[in-house]
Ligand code: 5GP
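Quick setup: one chain, the form predicted alone, written in structure tokens, and binding and motion questions come after.
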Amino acid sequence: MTELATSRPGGETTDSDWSAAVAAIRELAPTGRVLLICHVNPDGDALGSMLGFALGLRRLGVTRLQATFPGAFEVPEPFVELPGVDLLVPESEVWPDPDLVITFDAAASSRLGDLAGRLARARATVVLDHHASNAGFGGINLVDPQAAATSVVAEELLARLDVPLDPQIAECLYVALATDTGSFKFDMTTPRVHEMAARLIATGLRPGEISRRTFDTRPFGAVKLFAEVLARAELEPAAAAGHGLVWTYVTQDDLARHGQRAYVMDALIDPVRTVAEADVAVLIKETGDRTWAVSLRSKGAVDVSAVAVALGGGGHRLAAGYTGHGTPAEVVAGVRELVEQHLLPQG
């Protein structure tokens, strides 16, 4: 077998990295067991990139193929109609020793939970990601911090494998691109993003229908939950050197009281970050006993990726996250202490 683990940890992805990924897939995928993994509590980019790529592999004739994510086997409601969901298997049914592992949208192996152990058992591993905090935990690392979504990397790799876009692949990649750009309104929405969206739409997609399903539909119980969680939000105008910080939290009891599933918590960061008086927004979501998934957003005054990395997480300059412990007040105290240390230059 050819040497497949050629790329360097971190750094800029080179042509040799792309070539190594193509070689690994062409050598191992036709007859081997191919395992695709995205991060725990998958969002639109994680699932869309992974399923879009899985459908591309299926077009290449790959038959021994699994797609999965760690933790509870629950696909968030906005994504249950994505093409390729039939390829998803729960963590308990994943092959113990796949030949090829490809990961999606995970900035660190810890985001793969117990499935991270599959990387060491595979003959080759390929990491597809766009987080600047990704240090390169795979044998082959395709990490583009300038990409608006992991789906940008996935589309490039599919193109290098000579897989043409079809409506099913395109829908998955479009959902991934739209979710990570906030419906094409975040700072990473570049000409490159719109060019990719145009290619995807040209396959016959209906963007309005996809957007309604992905962004503009939620249960009435979720609306009531949002109202309650937003009502307890706290504004700290003096935080972040006067740029302001707003935060709130949502508990498992909140979810149970309103009859909602965990995925609805993720969308809560959007109304919180719109507060005019705060640059930094913090959403603290209970995942276990004194354990919280913390989402951080900035409008440009603070590098929240640096904050998240300091607390054991990662992400992007204006959007990041980590796992916190303690009470909500203790969690936000840790963020408050760090934001002033990571102010961005104001031009």
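When you see a residue number, it is the position in the sequence shown, counting from 1. The structure displayed is predicted, hence computed values, not measured ones.
The discussion below concerns the form predicted together with ligand 5GP, not included here.
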In the predicted bound form, is there a heavy atom of ligand 5GP that lies within 4.5 Å of any heavy atom of residue 28, even though the partner is absent here?
no
Taking heavy atoms and a 4.5 Å cut-off, does residue 19 contact ligand 5GP in the predicted bound form?
no
Distance check, residue 118 to ligand 5GP in the predicted bound form, heavy atom within 4.5 Å:
no
Considering only heavy atoms, tell me if residue 321 and ligand 5GP come within 4.5 Å of each other in the predicted bound form.
yes
Exactly one stretch in 49-57, 65-73, 29-37, 295-303 has heavy atoms within 4.5 Å of ligand 5GP in the predicted bound form; which is it?
295-303
Give, in sequence order, every residue of 305-321 that has a heavy atom within 4.5 Å of ligand 5GP in the predicted bound form, or say none if there are no such residues.
313, 314, 315, 316, 319, 320, 321
